[in-house]
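Two forms, one protein chain; C-alpha cells for each follow separately as structure 1 and structure 2.
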Structure 1
C-alpha cells in the first residue's frame, strides 16, 4: 500500500457511485415523465382543495334504508358472480392444467394449452368483460364469463406447475397395473396436487370477489354497476358506503380463505 493511501483517512462505507448515478437518473426520469404527463403543482393543489370538498360530501356515509337495499342487491349479485366464476373456473382449470403439464400431456397439446393459458393471463378481466358484454349483453353473465377466464388463466398455470413438479413414481405404479388414463389421473395425480390446488382456489375466490366489484364498471353486473351509478349521480356519501362494504367483504373473504387453506393442509 502506498503512503498516499495510508495517509488518507479510512472510510467505513465508501460512496457507491453506480447507486448514486442510478438515483439521479431516477429523479431525472420522474421530472421528465411528470412534464410529459402534464402534472403541475397548481393542478395538484386544486385537486387537493377539491378533495376536501369531496370528503366533506362523503361523510357521513349514507345508511338510508333504500340505499341499503341497493347495496344488498349489488353485493349479493357480486357474491354470486364470484362463487359461480370460481367453481366453474376450478372445475375447468383441472383439465386445462393437466393438458398443459408437459410430463403427462403430449407435446403439441401441452403447447396449445400453454398458449391458451398465456392468452387468458395477459387479458385484463375488464377487457374480457367488455368483450363479453358485447357478446352476451349487459348483466351478471358477462361478469361471470370474464371472471371464469381470469380464474382459468391463474389456476391452470398453477395446476400445470404443480403437476410438473410432482413425483412420477405413483403415476408409473398406477400405469403398471394397466389402468386407463382417467384412473391414473384420479389415483396418482390428484392426491399429489389437491392440497396446493385448494389453497390456490381459496386465493382465487378472494381475488374474484375483489374483481367482481370491477367488472360491473364496464357493464358486467354486481356491486360495480351500483358503484358507477352512484359516482355518476355524485352520490358520494353512498359511494363511501359501497367502498366500505367492499373493503369489509374482501377482508371477510381473506379470513375465510385463510381458514380454508389451513383446514386442507
Structure 2
C-alpha cells in the first residue's frame, strides 16, 4: 500500500450517496403524488369532524335481543367460513408447497407450482371473493373459496421455502434405502418442517378470521354481510357492536394461534 493511501484519513461512516439519492427521489415522488390525489389539509380537517360525528352516533353500542341474534348468526357463519377455508387450505398447500420446492421436485414441476402460487398471491382476498360471488353467487361458498385461494398462496410459498432450507442429509439417507418418493417425504421431509408448518397454519387461521369479515362485505357471507347491512341502514350503534365482536374474535384467535405455535415448537 502506498504512503499516500496510508496517510489518507479514514471516514468512520462514509456517505452512501445511492441511498441518499434514492431517499430524495422517494420524498419527491410522495410530494408529487399527494398533489394529484386531491389530498388537501382542508379536506382532512373536514373528515375529522365527520369522523367525530360518526363516532358520536355509534355510542352506546346496541345490544338489543334482535340485533344480538343477527350478530350471532353472522359471527357463527364467519367462524365456519374461516375454519373450513383454513383446513382445506392447509391440506392443499402441503402438496403444492412440496411440488414448488426446487431441491425436492423436478425443475419443470417446481416452476409450474411456483407460477400457480404467484397467481394465488397476486390478488387480494376481496378481489378473489368478488370473482367467486360472480361465479357461484352470494353466500358463504364464495367466501370459503376466496379464503382457500388466499391460504394456498400464503402457506404453499412458506412450505416451499421451509423445504428448501432444510437439511438434505436425512433425505439422501432415506433415498439410499431405495424408498419411494412418498416414504422420503413422510420419513425425512415432514419431520423437519412440521413445526414451522403448524405455526404457519395457526397464523393463517388468525388471518382468515379477519378476512372472513372482509369477504362478507362484498357478498361472501358471514359477519361482513351483517356489517354492510347495518351501514346501509345507518344503524351505527349496531355497527359498533359488530366491530367490537370482530375485535374480540380476532383477539381470541390470536391467543389460540400463539398457543398452537408454542405447543409445537
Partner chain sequence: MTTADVSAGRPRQWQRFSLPERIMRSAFYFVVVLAVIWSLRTIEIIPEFLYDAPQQTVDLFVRMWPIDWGWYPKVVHAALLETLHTATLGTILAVALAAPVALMVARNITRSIILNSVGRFILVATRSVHAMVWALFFVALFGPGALAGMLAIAVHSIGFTGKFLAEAIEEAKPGPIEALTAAGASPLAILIKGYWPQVKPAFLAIATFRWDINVRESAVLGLVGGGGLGMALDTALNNLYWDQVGLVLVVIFGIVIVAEIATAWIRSRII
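Everything numeric here is computed off the predicted structure, so don't read it as measured data. Positions refer to the first chain, counted from 1. Rigid core (definition): largest C-alpha set, two forms, superposition within 1.5 Å.
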Identify which of the two structures, 1 or 2, is the form predicted together with its partner chain. 1
Once both forms sit on the same rigid core, is the C-alpha displacement of residue 63 at or above 2 Å between structure 1 and structure 2? no
State yes or no: after fitting on the rigid core, is the Cα displacement of residue 232 between structure 1 and structure 2 at least 2 Å? no
Angle through which the smaller rigid unit swings between structure 1 and structure 2, given in whole degrees: 16
Rigid core fixed, the Cα of residue 29 shifts between structure 1 and structure 2, in Å, by 5.6
